[in-house]
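Shown next as structure tokens: one chain only, the form predicted alone.
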Amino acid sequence: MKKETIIALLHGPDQPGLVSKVSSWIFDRGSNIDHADQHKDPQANIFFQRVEWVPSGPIQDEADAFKAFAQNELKMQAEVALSSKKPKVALFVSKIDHCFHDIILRFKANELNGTIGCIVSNHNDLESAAALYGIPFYHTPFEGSDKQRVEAQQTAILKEHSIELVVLARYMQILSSDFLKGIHVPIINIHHSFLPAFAGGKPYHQAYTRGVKIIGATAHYATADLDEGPIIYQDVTRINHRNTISDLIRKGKDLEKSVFAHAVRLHLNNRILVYNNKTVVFD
């Protein structure tokens, strides 16, 4: 059985000896590094590192001590997590169900390091499917309701279930800046185009009209700016002049499922650092 590890994500201004200082701190405690990776942005002069190790003593004490060391002595921003932690995830969905079913089955198969705590939807079309999966379902319609009131209800649901990550499985609603600030957890969205191309609605129709030869899918962190958040993962597939809009949608759905799942996996495995609306992904 794999031993429980500590995972640290560091970033800050580059300086001599950072790799040595980190590895020495871990070695001096009799702990053992399982994996380490680093990257430097030469234009911004920012150093990034992901290091994972098996601690020699009480794991939470060592994790806390390392975070203090990184912040106080190295002057680096640090995020520290335990490999055994399985964050609780909320799934937001509307009516389109391919990403909905795919991501739930991946959690059920233990492919993803977390658990789905609840499902939230502005429609009730998938309520029976949620019941079959045994996941609490909350119908929060916007029609005829005040958006601020509905988002307050959704925020309360997330807090009730102690949610640590929200994933948008083709949730066809624009999130307000107040909601994004109020929930205090990251949100991953799947967009059905190769951003920044064809942002907004009906990207496959836009792609067909433009006559492009590839279509894509993009998983990104949601921000107040629609489809402008830090990109986590993207993939593409080729199309040609014979493909109809229906063909593009069919091919795109396969991309959306795999791109979405890969981005969620990277996040739950603590492999993403965000800075300046971009990401460094230690994959």
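In this text, all values refer to a predicted model and were calculated from it rather than measured experimentally. Each residue number is its position in the shown sequence, starting from 1.
Below: the form predicted in complex with a further copy of the same chain, not depicted.
- In summary, the region of this chain contacting a further copy of the same chain in the predicted bound form, judged by heavy atoms within 4.5 Å and restricted to 155 to 163, 174 to 182, 115 to 123, 101 to 109, corresponds to 101 to 109.
- Contact here is defined as any heavy atom lying within 4.5 Å of a further copy of the same chain in the predicted bound form, and by that definition not a single one of 5, 61 and 74 is a contact residue.
- Taking the partner from elsewhere, residue 67 is found to have every heavy atom lying beyond 4.5 Å of a further copy of the same chain in the predicted bound form.
- Using a 4.5 angstroms limit between non-hydrogen atoms, residue 229 touches a further copy of the same chain in the predicted bound form.
- a further copy of the same chain in the predicted bound form is not approached by residue 137, whose heavy atoms all lie more than 4.5 angstroms from it.
- Shown alone here, residue 39 lies within 4.5 Å of a further copy of the same chain in the predicted bound form, counting heavy atoms only.
- A heavy atom within 4.5 Å of a further copy of the same chain in the predicted bound form is found for exactly one of 82, 150, 78, 197: 197.
- Of all the residues from 19 to 40, those having a non-hydrogen atom no more than 4.5 Å from a further copy of the same chain in the predicted bound form are 19, 20, 21, 23, 24, 27, 32, 33, 34, 36, 37, 38, 39, 40.
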